[in-house]
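Take a look at this single chain in structure tokens; it is the form predicted on its own.
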Amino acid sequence: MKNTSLKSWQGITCVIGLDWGDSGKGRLIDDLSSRADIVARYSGGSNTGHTVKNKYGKFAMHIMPSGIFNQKAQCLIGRGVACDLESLIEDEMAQLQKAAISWKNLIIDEQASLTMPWHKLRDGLREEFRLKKIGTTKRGVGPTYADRIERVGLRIKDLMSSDFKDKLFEEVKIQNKFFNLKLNPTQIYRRYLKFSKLLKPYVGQTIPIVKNAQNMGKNILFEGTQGSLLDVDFGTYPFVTSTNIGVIGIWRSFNLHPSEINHVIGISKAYSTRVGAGPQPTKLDGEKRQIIIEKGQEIGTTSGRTRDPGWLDLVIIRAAAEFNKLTALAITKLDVLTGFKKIKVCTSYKINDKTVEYLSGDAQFLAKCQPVYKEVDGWREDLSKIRQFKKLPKNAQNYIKIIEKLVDVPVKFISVGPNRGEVIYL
């Protein structure tokens, strides 16, 4: 373990989920953002959920950057984000307003795509007609990105334009005809006109802001969403989201090459979870499953669905580490494993007795993989008050060291309890 600590990070840093998300990114970003001049969200939409629990209360963010609680930092929503204004304004801003948290430093990129009512309807209809469900949250994110790629989607820039009404009415007419919807364009226009007036002071061009901050040597923190195994290209297709989760997403959203990032932090729980459909080789059943769900409070922030827990899968963690060129690991919820006499770690896969590695973009391949486990001794001591690695129980230290060795990336952050401050920086 190197002596440098994330607590004193400088330069350009990003936090990226490593498996299927729900790994505690919001909490880590809330922690790291205290040193940030800029916190930038670069992908995803309201299908993502970042839970932040701090001195102001408990918040569920979907579009708003988790760094919004650092009132000195500028918070950016990049062009790669699918902006669901119903979520941003009526839910997230309402949460912040109730807690007297200002979003005066927020800038939304004018090129960001708008998630509109028809996207949510189409998302639900598509899932309903699928013979094999993919587990979409039905938040309209896939159709939003599809329209962007097809060059027909509305953007924040359109919302602010003088001819927005004409563009909206034309698009509603097309959506109603092609997808047999019964949308009322007048009702939608009135609602989005209110949104446009509320958001107008917060719309701008985020790329020049990032470039200027980079040239001035300021601290920039990029906030990832979900997990690398849900990346549209790298993940378990078709059980994926519709955008790039990893460092490539930063490049696409902010014109910043991955080689310019100083610290790439990959975050994972001390075990794996997955919500929705798709293969999960280390998925648990029985008593251990229920213990982890209850202790880890494994209920989706966005979907409200129970997450499926499994033993930590170092095969996919290694693959995601290589894909994103990680410089550090963050391990959350180590405390949830307290009390297990034995803990398993997946170290490799086999198909028909042949050792195989993770194959990106192929859920069918992953479904055939059988996990090969290393079993280690557990611990019973309470971890929540421990702030130094050397004071962890020996078996907990050994568990972290196994992760480091098999992933070949140093662990720099360990959460040992659900509350802010219950962490170990290495």
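The first residue of the shown sequence is 1; numbering continues from there. Predicted model only: the values in this text are computed from it and were never measured.
Keep in mind the form predicted in complex with a small molecule is missing from the figure; the text below concerns it.
Put simply, of 333, 120, 148, 318 only one has a heavy atom within 4.5 Å of the small molecule in the model of the complex, and it is 333. Residue contact with the small molecule in the model of the complex: residue 395 places no heavy atom within 4.5 Å of it. Proximity of residue 79 to the small molecule in the model of the complex: non-hydrogen atoms within 4.5 Å are absent; the residue sits far from the partner. Of the heavy atoms in residue 403, none are within 4.5 Å of the small molecule in the model of the complex. In the model of the complex, the small molecule sits within 4.5 Å of a heavy atom belonging to residue 49. Only one of 361-369, 375-383, 25-33, 395-403 places residue heavy atoms within 4.5 angstroms of the small molecule in the model of the complex, namely 25-33.
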